[in-house]
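A lone chain, given as structure tokens: the form predicted on its own.
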């Protein structure tokens, strides 16, 4: 085992032994820590929640747009979880005790940040229990001869991690949602539109992981374990994640970032600006790994262009941004806001106020994505502009956004993990988002149908992949799912994940996962 793997192993080993000290016997054997409940008293000490409706409303950020279709006008749309019990463990030992105390066929769902688009785990079913990881908030840093490692508990959300990284002058390819669970994002193929071209996918930086198996055993994984790779695309379907150890980068990987916000009045203007912006993105940025660009078209009638300049960038950022400014000026689109950020932290935290403002009662969303494995052709760019920007329900679902992103770079050249994200150079998210309460059932149905129409048209575009990302796909879209090979990045990786599912969870206890239907 290399020093790197050993260091990651030691971090997780200490975390597990610390938690095991609460009670019960524990010993290390071949990278696995085996534990059992010391007594029924310890199981009874695990926090148990009974207020299921209140719990769901607090833990779930949004509901699937498909789920709110069944609610009639005036009827409540925030349903309670179907799970029979909700546990809030505080350690790997407590998780192990809960699992071992249950009949061997009891289904188990895991909830971390609560942002999963269709909330398969949060709703669960009447035969299941939920493990709410909200108490697993540890963030621990450790230096080795290659830099700094950070071990993150399964309940940590991105705002907490970003604030901790700031203190340690670190950087990671984080998601922009402050309340998104780090572990859930990571083990479902997460990507960072701002940072993945330079730092890869977050899963590609993982050095180790502590898990509890479906049988209740605590295991410490390193990069030498085949299971670890499988966990980085379908993690919570294979085992219960306690913590993850990640290789941190230095904050200096980001020199600066520029953002311009332009207002538009008509959809035709949004399409025209996007047409120029995506060609700028392809012709000036995709071949330049020192820069990333994200263009966001919103239902609130603004276009947000963000350019992140990495440590390898040479030249003038102001000159680089100028073509987009000139495009807006030529169309007479006013620049209503602009920002200049000079650090990784400022860039990582910039969207928190915007995302915190996306509220509803309930907030409903349908998320889909499209991407190309190589440089996008004109037909791909035209489809994004004419159909995704031109026909998505931005007016009907006023909080919706379309994110047009550069990817590739380190995400493409790094270690292959079971996620379609690491195969793609060009990436577009369609996030249909709205406050469902003031919408009639007919209006909610119309929003869903408009979104599905765009997705169905995307499937007809040769060379454009649809729904390959774990963090940007709607798991409860019936008859619109992609193939497992696209979801996990390749047929070989898909087969690896399936084989691990059969080995680690033969009774399918961990069935409440966005990719369960593939496994």
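As the structure is a computational prediction, the values presented were derived from the model and not from experiment. Residue numbers count along the first chain shown, from 1.
Just so you know, the form predicted together with a small molecule exists too; it's not on screen, but the next bit is about it.
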| item | value |
| --- | --- |
| Heavy atom distance at most 4.5 Å to the small molecule in the predicted bound form, all of 376, 409 and 465 | no |
| Residue 180: touches the small molecule in the predicted bound form, heavy atom cutoff 4.5 angstroms | yes |
| 4.5 Å heavy atom contact, residue 184 and the small molecule in the predicted bound form | yes |
| Partner proximity in the predicted bound form: residue 96 to the small molecule, non-hydrogen atom cutoff 4.5 Å | no |
| Exercise: residue 236 in contact with the small molecule in the predicted bound form, heavy atom 4.5 Å | yes |
| Stretch from 438-446, 190-198, 277-285, 309-317 whose residues place a heavy atom within 4.5 Å of the small molecule in the predicted bound form | 190-198 |
| Contact residue in the predicted bound form, chosen from 389, 241, 171, 206 - any heavy atom within 4.5 Å of the small molecule | 241 |
| Contact residue in the predicted bound form, from 81, 151, 367, 372 (heavy atom within 4.5 Å of the small molecule) | 367 |
